[in-house]
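As a starting point, one isolated chain is supplied in structure tokens, in the form predicted on its own.
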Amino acid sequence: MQPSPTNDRRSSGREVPPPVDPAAAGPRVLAVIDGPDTADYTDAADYVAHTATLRGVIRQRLVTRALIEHLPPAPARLLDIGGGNGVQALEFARRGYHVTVCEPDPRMLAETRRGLADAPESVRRRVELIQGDGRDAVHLVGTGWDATFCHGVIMFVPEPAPLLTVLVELTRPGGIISVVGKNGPALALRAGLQGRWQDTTALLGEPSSAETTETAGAAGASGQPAVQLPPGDDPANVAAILTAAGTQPLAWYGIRTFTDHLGDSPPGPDVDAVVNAEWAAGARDPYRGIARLIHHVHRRTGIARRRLASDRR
């Protein structure tokens, strides 16, 4: 499917729903708070601002750097589920890929349009925007994509399995699935490095007397926190769901091992050196295991597991 010069349409030929008034839509929390007043962003405007910080830049550049090693060559067809303000879409469109963004928030799509307006026409023609929920993407954009992205989304859904299974269904056999989620076992690290000791203890969980025994210590060595993780914040769970749905893991990377605690610091003149250091850490143990985010890269192996009736909305 070649994207048309008109950047807003459904692949089925149906019209995109009319824009929703952001004020009428009300606020949408886009980040899970890991302590009092410590959300990365709480609305679309905050998210856009976050992408321009050092932490935001590092995330986007590390994801791009990893995907370059795994994606088929341009002009492959890429689908970005929950593509936000289109940073990744624009990056890969500049590299010659055809990218479709499926994003439910009209405010985020508006930000993507602003970014597209400043891009060359050749780039704009390679980007499509679709308003809709990623769990409905099979009906919105069809299947057979060369690669499917879902970056920074699974931590905001109560149960990630339906969305992750859809990603596999959307992707052609042999295609790439790229998922970025929180690293739940390491969430206390940011709070600790920022000196928020009560939040750190709450995230780690108070150890019981039984956990100080040798047996309990061996269990704790697995890297699992003392508190129960949301399903989307458990990297092992995310990888297991993708594999069960019909994929093969190719690689996993840590994102923001050294810089996650720096808040809204802007990129400095040494940003390239920072990215290089984060890249080196995110590709090896033990550093990637304590990064804030985990980037999973899988390949679809064959026929995706059929979604259960309970998976469908």
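Numbers follow the displayed sequence, beginning with 1. Model, not experiment: these values are computed from the prediction.
Here the subject shifts to the form predicted in complex with a small molecule, a form of this protein not shown in this document.
Screening 117-125, 230-238, 130-138, 182-190 for residues having heavy atoms within 4.5 Å of the small molecule in the model of the complex returns a single hit, 130-138.
With the partner omitted here, the residue from 161, 203, 176, 108 that has a non-hydrogen atom within 4.5 angstroms of the small molecule in the model of the complex is 108. Scanning 77, 151, 95, 196 against the small molecule in the model of the complex with a 4.5 Å heavy atom cut-off leaves one residue, 151.
Under a 4.5 angstroms non-hydrogen atom cutoff, the small molecule in the model of the complex lacks residue 256 among its neighbouring residues. Looking at residue 71, you'd find every heavy atom of it more than 4.5 angstroms from the small molecule in the model of the complex. With a 4.5 Å cutoff on heavy atoms, residue 60 counts as touching the small molecule in the model of the complex.
Using a 4.5 Å cutoff between non-hydrogen atoms, residue 81 counts as a contact of the small molecule in the model of the complex.
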